[in-house]
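Below sits a lone chain in C-alpha cells, taken as the form predicted alone.
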C-alpha cells in the first residue's frame, strides 16, 4: 500500500509541472488585463463583427457536420464495406495536417476558377473572402471530430435494441430516430461542441481561404502585429472566457 501511495505522490509531483505550464498563462492573462481595455474591447465594433462572423461560420460548419456527418458516422459504425479502413484514415487527415495546408487544399479544390468552384459560383457560392469560404474551411478542419464522436456513440449501442424495435414494427428510419439517436445523443452533442470550438479556433486555413470578413482569431493576430501584446490581450481574455464556457458546457453534457 505504501508503494502505491509513493507512486501516486511521485506522479502527482511530476504531473504538477504540466498543471503549472498549462494554467499559469490562463491565470496571468486576466490578471494582466486592464479592465478599461477589456471594456473597450467589448464595445469595439470591429471585435463584435469578428465575433459575429466567427460564431456564424462555426455554427453553420457545425450544422453541416451534423447534417452530413451523423449519417456517415452511422453507416461506418454499422456496416462493413470495401476500403472502409482507408476511408476512416482519409477522413482523419484534416486533423493531422498543418492548418495552412488545409487552407491550401480547400482553396485548390473550391476556388471560383476550379471545376467544382465554378459550379458553386454559378449557384452564388464563392469561397474567396466570403462567409461561405469561412464555413467551408471550418467544416474541413473540424467535421472529422463530430464524425468520430458520433461513430463511437453509435458503436457503443447494442444492435439488438435496434433489432427488437424493428421486430415490433418500427421502420429503419423510426428505429434510428426513436432508439439509436437518443441513445447516442450524448456522444453527438459532445462531438458537436468540440467541432464548434475547433471551428472557432481556426486560423491558418482561414488566413488562406477567406481572411475577409475577418474572424476573431485573425483579428487577434492583426492587433498583435500592428499594436503589440497589450492590444491583443483584451481579445485574448475574451476568447479565454469563451473557451472556459465551452469546456463547462462540454462537462455538463458529458456529466449528464
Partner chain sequence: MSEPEILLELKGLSKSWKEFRIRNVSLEIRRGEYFVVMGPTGAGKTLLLQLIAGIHRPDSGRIILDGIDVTDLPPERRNVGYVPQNYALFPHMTAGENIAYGLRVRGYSKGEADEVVGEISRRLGIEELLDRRVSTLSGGEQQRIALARALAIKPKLLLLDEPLSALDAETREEIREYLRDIRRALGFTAIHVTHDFVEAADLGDRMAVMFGGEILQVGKPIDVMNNPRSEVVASFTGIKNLFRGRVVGRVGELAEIDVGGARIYALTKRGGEVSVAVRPESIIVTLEPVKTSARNLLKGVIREISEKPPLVSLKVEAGIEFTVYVTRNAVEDLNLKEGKNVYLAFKASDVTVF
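Positions refer to the first chain, counted from 1. Keep in mind that what you see is a predicted model, and the values were worked out from it rather than measured.
The same protein also has a form predicted together with its partner chain, omitted here; what follows describes it.
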What stretch, of 148-156, 99-107, 177-185, 128-136, brings heavy atoms to within 4.5 Å of its partner chain in the model of the complex?
177-185
With its partner chain left out of view, which of 120, 91, 165, 72 would have a heavy atom within 4.5 Å of it in the model of the complex?
165
Consider residue 124 of the chain shown here, and say whether it contacts its partner chain in the model of the complex, taking contact as heavy atoms within 4.5 Å.
no
Is residue 170 close enough to its partner chain in the model of the complex to count, meaning some heavy atom within 4.5 Å?
yes
Residue 161, heavy atom within 4.5 angstroms of its partner chain in the model of the complex
yes
